[in-house]
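Presented below, as structure tokens, is a lone chain in the form predicted alone.
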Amino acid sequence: MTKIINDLKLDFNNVLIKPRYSDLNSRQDVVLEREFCFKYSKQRLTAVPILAANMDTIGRFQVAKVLAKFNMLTVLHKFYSVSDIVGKSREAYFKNCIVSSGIRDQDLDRLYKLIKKLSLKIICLDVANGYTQRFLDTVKKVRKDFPKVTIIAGNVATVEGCRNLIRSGADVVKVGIGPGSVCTTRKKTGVGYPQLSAILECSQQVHKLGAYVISDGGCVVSGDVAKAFCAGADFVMLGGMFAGHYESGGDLVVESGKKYKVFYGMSSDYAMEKYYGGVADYKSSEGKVVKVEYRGRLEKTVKDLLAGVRSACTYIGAKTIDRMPQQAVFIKVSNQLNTVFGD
């Protein structure tokens, strides 16, 4: 018999962060870099824990070059060839890049070649549905074959899903089913989980197991990134917030004198036609194609984003990002913005 969970689950726009006494006198006092030590690989990483998503318009070398200036990370999209990645591996910014892979045989063959050629320290195993036995078996296999490589795996959105991935060998779990700006999974399938609640619930269990959480999707503004960290996310992955820039992929189009860049989900008709020759008969498109107003250079957006997170820390007295969950209290709200002059 079908069950109903009656507890109200929340998204970022359902809450505000309650301000509190702070002994931080300036945003400059906030330290955004954080040190990580991963459960299985025992590797260490120090970085600003914000990642560019592995979408082909976002997880690009051009984006990585900008984010590396701020010691942020880029998860490269799956469609760069071995030669593409090996050719860029000599660049200084490549140390802030993470190679991603699907789980088809040809995907894993590419991944194994890159791990061996470049001695990769961190990889991302990425599928839309992280609940399948096939995916769990793949995580187990990669962990067995490369015990010293840090594995990011996802996506899932529940405690059960996180637990299964960690027990299979994941050091970091990517959490988010359907919250992305160009994802239509919730519309097409009716499946999903409100992102703020997903992070709140998953992070507690994941941390007990000694692993880390990436909040993937749902952030529209820097305040949402701050909320994700306050909810317990160790990393925040962004797609739409990095779209539409000079460094972003997607065609540049001009309409009525305005510039736009095309941005699309990786399960959209457009992406599947581009990389797989179309949508298979047994599949449906779970992504959309949009035009994002051209936003200029990415560096300006990144500076504004980081300033927003720093400011959030000063409002709650958190000198470091990992202190944000301890310092934060969420208030459920019926409205969070005054939109009389727009958003």
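Heads up: residue numbers just count along the shown sequence, starting at 1. Computed from a prediction, not measured in an experiment: that's the story for all the values here.
The same protein also exists as the form predicted together with a small molecule; that form is not shown, yet it is the one meant from here on.
May I ask you to state whether Thr150 is within 4.5 Å of the small molecule in the model of the complex, using heavy atom distances? Taking the distances in the model of the complex, the answer for Thr150 is no, it never comes within 4.5 Å of the small molecule.
Is Thr74 close to the small molecule in the model of the complex, meaning a heavy atom pair under 4.5 Å apart or at it? It does not: once the small molecule is placed as it appears in the model of the complex, Thr74 has no heavy atom within 4.5 Å of it.
Should Cys97 be counted as a contact of the small molecule in the model of the complex, where contact means heavy atoms within 4.5 Å? The answer is no: Cys97 has no heavy atom within 4.5 Å of the small molecule.
Using 4.5 Å between non-hydrogen atoms, is Gly240 touching the small molecule in the model of the complex? Contact check for Gly240: yes, within 4.5 Å of the small molecule in the model of the complex.
So which of Thr138, Asn155, Ser203, Ser248 gets a non-hydrogen atom within 4.5 Å of the small molecule in the model of the complex? It is Asn155.
Which residue, Val182, Ala231, Leu125, Ile166, is the contact with the small molecule in the model of the complex, using a 4.5 Å heavy atom cutoff? Contact residue from the list: Val182.
Given the stretches 156-164, 193-201, 111-119, 231-239, which is the single one in contact with the small molecule in the model of the complex, using a heavy atom cutoff of 4.5 Å? Of the options, only 231-239 has residues within 4.5 Å of the partner.
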